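Heads up, the chain below is alone and in the form predicted on its own; it's given as structure tokens.
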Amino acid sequence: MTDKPRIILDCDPGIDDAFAIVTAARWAEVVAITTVSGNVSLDKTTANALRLRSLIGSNFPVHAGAHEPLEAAPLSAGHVHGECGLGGLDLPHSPEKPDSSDAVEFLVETTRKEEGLHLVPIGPLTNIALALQVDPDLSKRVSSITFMGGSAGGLGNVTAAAEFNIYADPEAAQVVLHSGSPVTMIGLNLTHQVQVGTKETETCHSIDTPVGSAMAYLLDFYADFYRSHLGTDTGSMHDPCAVLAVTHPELFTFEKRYVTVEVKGQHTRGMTLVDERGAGSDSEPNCRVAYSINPEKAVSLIMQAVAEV
């Protein structure tokens, strides 16, 4: 690759967010990170972003964002990612503070100064929705909004129908999907194809760098969760897939679909409803949906990032 895409990574670190940050630092030009409440509270996701920035030796700015969803109460996935969000990983706390506590203003002003940026939200979509509400024309200034969340086919991981990032703030997801932006959905139907396990943990250990050791620890923690809760020795590498969809789109197959979010359903709140009727649909597509990926190549690129960042 020669010209790396310039991205703003909106995240809630988060074990797989950590891998996404490493992947983005290697394969994209990270303009900034914005943080949001999601896997853990905003103070913890922001602290984790700063700690990970120090770990990889980068200097991109970090802007703290929304501490709660648009309408619902905050949700947490500490049972998956650990109380601090990084599984108890012993990283030094960064003495640095976030560059601002207003990620929404940063998103609006930065996209005004530079058109064509890629927004890559891999947590709840609250920051992106708020920015679009402040300035709807943001939708015309970005090259893409590529989010990890939802699923084609109604697969959920919080409920039978809903994936965590969308369930955490379905109203925000609805704003983003109907904003007129060039939106791409990287859902569970796609990310479950990218599995990591013992082989990748050993690879990270063999790298023998602070980054490699940290990522090996996170994979071990991740594996413990998957073994104890799901009875499997491998786990899905969700968030890096959204980064790779921007940096290596040739690995994916996409289809244009109409996608909306269920915000009222008693059993289906947070579900992404993907219209698969094709020519029989009367709904105009508003989203590019990812359906398949080259999993071996994707994992290889993530591991290469761990080794080289």
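When you see a residue number, it is the position in the sequence shown, counting from 1. Predicted model only: the values in this text are computed from it and were never measured.
Only in words, not in the display: the form predicted together with a small molecule, which the text now covers.
Scanning Asn157, Thr184, Ser139, Thr110 against the small molecule in the predicted complex with a 4.5 Å heavy atom cut-off leaves one residue, Asn157.
Note on the partner interface in the predicted complex: the residue among Ala173, Met215, Ala103, Ile122 having a heavy atom within 4.5 angstroms of the small molecule is Ile122. Heavy atoms within 4.5 Å of the small molecule in the predicted complex map, among the stretches 233-241, 93-101, 203-211, 112-120, onto 233-241 alone. Although the partner is absent from this view, Asn165 contacts the small molecule in the predicted complex, with a non-hydrogen atom inside 4.5 angstroms. Interface residue remark: Ala77 is counted as part of the site for the small molecule in the predicted complex, having a heavy atom within 4.5 Å. Although the partner is absent from this view, Met148 contacts the small molecule in the predicted complex, with a non-hydrogen atom inside 4.5 angstroms. Though the partner is left out of this view, Asn39 does reach within 4.5 Å of the small molecule in the predicted complex, counting heavy atoms only.
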